[in-house]
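Starting off, we have a lone chain in the form predicted alone, written out as structure tokens.
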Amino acid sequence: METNKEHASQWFKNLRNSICKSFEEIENIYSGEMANSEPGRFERRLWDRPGGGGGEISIMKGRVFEKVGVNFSEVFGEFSPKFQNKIHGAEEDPTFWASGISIVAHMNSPLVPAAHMNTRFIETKEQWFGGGIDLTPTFPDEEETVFFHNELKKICNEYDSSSYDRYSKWCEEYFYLPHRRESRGVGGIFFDQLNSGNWERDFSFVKKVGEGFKNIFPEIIKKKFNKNWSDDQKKQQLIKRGRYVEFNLIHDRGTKFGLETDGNTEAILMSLPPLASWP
């Protein structure tokens, strides 16, 4: 009989395959200024974690996606004494298991927002889900933002009518750059330590978050990906990406978790854009 860990890990891997296929299809149908170049294709590389487990990095650089990573991991072992007190359920027993999918998309067009999604299942003495979706446009578009949040609200309402308000607020608070006194983007949803006592119900929600991203983000991309942009708009995008870099290197818990548990550095820093600038 398949265990919860095996079930979750296989789901994350299958979702990775489905999203990679969807993004390659977007590359195929693009007809904008860069249409004469070859459509992007994902390149995959396996990696092993010294303490146990590993994962697979999937990176694509193309006509629509300047750089997108869709990474899968399944790792296990023991937290270091320095780190175990920071993790729920690991205070007395440092052993852990974790699996998940992480996606960060940086787009060629400054008119199309960057996007991030991850979902994960972690087991220590306790077990829980975590994850979220957020959007980072260079030029916020109210119609786009309303559509994005309405779709996330639908997903959350199927799980719990109060969850959207809690998870959207959590996202707003989490993706905030205190040294800049500004939000990273236009928000989304963020949740952690999700364990209602009903594993199947919680996992169903996590699956809908992943499937939701696969449906929502391509729709956002296709509305603007063939439109022309100016050099000044591209410059503004690179400055916005600088904020993205600052958040991920200074504040992001996922980056710290990966680095402090001997994760693959390339996979962890996949979230960083290929180009960024500071004024």
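Just so we're clear, the structure is a prediction, and the values are computed from it rather than from any experiment. Residue indices: 1-based, along the sequence shown.
This next part talks about the form predicted in complex with another copy of the chain, which is not shown.
- With the partner left out here, another copy of the chain still marks one of 175-183, 117-125, 143-151, 88-96 in the predicted bound form; by a 4.5 Å heavy atom cut-off that stretch is 175-183.
- Contact with another copy of the chain in the predicted bound form, defined as a heavy atom within 4.5 Å, holds for exactly one of L46, I29, A35, I250, namely I250.
- In the predicted bound form, another copy of the chain lies farther than 4.5 Å from every heavy atom of K223.
- In the predicted bound form, T265 approaches another copy of the chain with a heavy atom inside 4.5 Å.
- The shortest heavy atom separation between E246 and another copy of the chain in the predicted bound form is within 4.5 Å.
- Taking non-hydrogen atoms only, C20 never approaches another copy of the chain to within 4.5 angstroms in the predicted bound form.
- Of the residues in 263-279, those that come within 4.5 Å of another copy of the chain in the predicted bound form through at least one heavy atom are, in sequence order, T265, L269, L272, P273, P274, L275, A276, S277, W278, P279.
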